[in-house]
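Single chain ahead, written as structure tokens, the form predicted alone.
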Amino acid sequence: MKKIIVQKFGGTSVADTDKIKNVAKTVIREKNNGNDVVVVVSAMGHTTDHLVKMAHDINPNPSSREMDMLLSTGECVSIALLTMAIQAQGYKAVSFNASQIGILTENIHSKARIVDIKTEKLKKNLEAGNIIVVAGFQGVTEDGEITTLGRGGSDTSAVALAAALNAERCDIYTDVEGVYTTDPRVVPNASRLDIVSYEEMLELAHAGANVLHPRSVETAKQYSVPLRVRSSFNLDNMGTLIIGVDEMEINKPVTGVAADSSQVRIVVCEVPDTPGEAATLFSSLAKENVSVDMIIQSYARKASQTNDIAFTINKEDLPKALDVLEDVKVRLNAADVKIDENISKVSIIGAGMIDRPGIASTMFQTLADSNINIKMISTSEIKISCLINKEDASKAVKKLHEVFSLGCDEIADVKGTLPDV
């Protein structure tokens, strides 16, 4: 029985017809290695941005259902063109959108999660010798409604397909050579990592490393799907392999440094210090699908019996969050809601940090020596994150990358920009 390899190509890899032809060669190369191949592609280049702009030119507040109908068309163009390119080279290929296969999702528009994938049609076509090209980013509900998976949806589509088909691995092709210790555009001598654990990659993705979306890594970890991040332009470079931490040998306490400037900090001031207030606040945000990252509650003020609750969210969720908070402020009898957009979350990540004393103090001292003020701190077993002013983010990344000896002697060769996932 042939091994199944799932390949995913992002928008920059299929930005024009020449690049699509290059992707076809990459797909055929894998087929010629004796494997069955399932390919997942995103919309071409900036197609999604263009569709969003057209939608808002017509209606400043379009419905999420119609936006999903619109945005799902971008991937349909890509899969048809790539399939034609493969066929032009004399190979059997067929394209499918999510509804044709049965990539079933929740009945939620714009941020749906995959709940099941029907594999009968996929397996039948693989047995017939076809290369299968699937539209990423989209799904369909049980009652036939088109949905999209949100940012990073094509990565998630690819990993979910690999899990459903029990694939040998899932290759994520980008325009960089793999996963680096930090953004090579900020630190030119950033090192490419040969191997990273799911846990480290998940934390790196959450911390702002723009290579894989966290949901795709979560899915890979859950179903033990080996991931490989590879370059679309250098097929001989095997990139970065992402596997379970039990299969790795940990050599360094810190694997990477990441900065995320896409968040905002919200402070709900003078919330009554009584049971249930925090639950009311965060359950209200959850109902509107607003995800919260860092959370800090201050000590209660004895005089007023109140405290402040500070947290961070993605900047794109701010309009929804503000609508929720206007109501919650009244319900909680809070004094005020303050917004701070001048922030960046800087994180160090490494499975080797577990039971290794001194890592946090080194990070904090490095930031202090660089005259960088820390606004909030959050930790996990393998991550320490600090909220700082946005203008200090690049300096913080450079200093932390240096102090934890993550650089290499050679300057990283970064072709193009980091990928849109």
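Sequential numbering from 1, following the sequence displayed. Rigid core: the largest C-alpha set superposing within 1.5 Å between the two forms. From a predicted model like this one, the values you see are computed outputs, not experimental measurements.
Heads up, the form predicted together with ligand ASP isn't pictured, but that's what we're talking about next.
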field: Contact label in the predicted bound form: G152 to ligand ASP, heavy atom within 4.5 Å
entry: yes
query: Are any of the heavy atoms in A43 no more than 4.5 Å from a heavy atom of ligand ASP in the predicted bound form?
result: yes
- prompt: Should F137 be counted as a contact of ligand ASP in the predicted bound form, where contact means heavy atoms within 4.5 Å?
  reply: yes
task: Considering only heavy atoms, tell me if T366 and ligand ASP come within 4.5 Å of each other in the predicted bound form.
output: no
statement: Only one of 383-391, 54-62, 368-376, 35-43 has residues with a heavy atom within 4.5 Å of ligand ASP in the predicted bound form, and that stretch is 35-43
field: Contacts with ligand ASP in the predicted bound form - residues in 67-105 whose heavy atoms fall within 4.5 Å
entry: E75
Core-superposed C-alpha of H50 shifting 2 Å or more between the shown form and the other one: yes
